[in-house]
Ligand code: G6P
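Next up: a single chain in structure tokens, the form predicted alone.
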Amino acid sequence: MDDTKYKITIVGGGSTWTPGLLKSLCIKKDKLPLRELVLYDIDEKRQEPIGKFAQILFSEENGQVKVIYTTSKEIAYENTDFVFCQIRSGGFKMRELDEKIPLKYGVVGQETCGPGGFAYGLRSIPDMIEIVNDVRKRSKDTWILNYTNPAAIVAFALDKVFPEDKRILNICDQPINLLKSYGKIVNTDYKELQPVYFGLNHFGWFKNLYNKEGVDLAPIIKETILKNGFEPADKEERDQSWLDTYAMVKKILENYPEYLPNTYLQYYLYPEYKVSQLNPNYTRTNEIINGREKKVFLESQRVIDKNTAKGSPLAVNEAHADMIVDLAAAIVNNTNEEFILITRNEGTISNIPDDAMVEVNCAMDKNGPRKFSVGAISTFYKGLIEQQYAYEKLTCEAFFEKSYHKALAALTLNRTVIDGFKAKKILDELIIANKGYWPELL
């Protein structure tokens, strides 16, 4: 590795997930040496406490790095090598509507799945396009690592607008979170597991999980889950809704035992059951606002008041943060390290459309990802994926063409909805709620 040092910009710097990313950057400073770190957010009230926390943490753990926080895109994007993107278009105010409007009609209300993900996607697309354009005005070489939700829809839209831009990478942390939990079951560091994964974002399966001796541990992991249930590796830090989410993996395996499922599949496979378990008056958004949000900002202020981050529960790296930093490090160090990324299919899964944005294993170096072939998949999985792909494609076409007809078709196809009457009622209410965020659908 040479002596080059890099500038990283975190877009959505006021996120409560930023502290874990900051800690990972400190721990991995030799793999990814920095000269400057910029936290950029359009919400100054959120940005300032997280920005001050960052300055204190880096002064204690990585003092040579210039750390600034700003609401200026000019400062954020000038001469930056990496943009880590984690925005929430519409904030928690709109997320709450995303969840509660579908529940009024007996349909899953969730951030990335179903009508909630549809609404969030139509808000996220224009903001993400603007970010990429703003970055590219200043540099064609900056790497954009995007993990903004709903990642499937955002990735599909960005691929249509910037089809030749090989430095936009779309990623999701849920496969890593699942690997960490699987590793705990078999008493193996998740970093030593070699997964074989296929699907779409929040809509995929682990076919195999090899250890360093080449033994597939997936059978014993499935057997253990079927016997004892499934919990996240960091269950002590999780809200009840996440514990319930992981617990559903046992039920999915009982019915569909071939592969280890992504937890989000529960919403598509058991939509009526999930609706019965959700509180239409107190959703995941309310849980976060009253939980993680308060904890992170109270702790950030305590660190600021004490002028030290030593011993802070925020100063811990997390699996999702390590993945992002490791991905950037794999680029600059040309390591060919393997990651599960969202990328254009182009035959990777041989019997689904080429323009689908699939989530699969890739090797990463300075030239970008190289996809590993999955081959043909069986009828059940092909059917599920093609229906979800059609929903994602129609959602993006609805945005670009400002088409009410395609928006309605997208929602009708989504497995959490299915019913055309419900789809129309939900769409019409979402249009009113998202006025000013969505294009006018004609």
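No experiment lies behind these values; they were computed from the predicted model shown. From 1 onward, residues are counted along the sequence shown.
Keep in mind that the form predicted in complex with this ligand is not shown, yet the notes after this line are about it.
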This ligand: the contacting residue among Asn177, Ser312, Thr142, Asn361 in the predicted complex [heavy atom, 4.5 Å]: Asn177
Contact residue in the predicted complex, chosen from Tyr268, Tyr190, Trp205, Trp242 - any heavy atom within 4.5 Å of this ligand: Trp242
4.5 Å heavy atom contact, Arg88 and this ligand in the predicted complex: yes
This ligand contact in the predicted complex: Cys172, any heavy atom under 4.5 Å: yes
Contact of Glu111 with this ligand in the predicted complex (heavy atom, 4.5 Å): yes
Touches this ligand in the predicted complex: Tyr264 (any heavy atom, 4.5 Å): yes
Stretch in contact in the predicted complex with this ligand, which is absent here, among 223-231, 348-356, 287-295, 329-337 (heavy atoms within 4.5 Å): 287-295
Site check Lys7, Ser24 and Phe84: each within 4.5 Å of this ligand in the predicted complex by heavy atom: no
Partner contacts in the predicted complex for 114-141 (non-hydrogen atom within 4.5 angstroms of this ligand): none
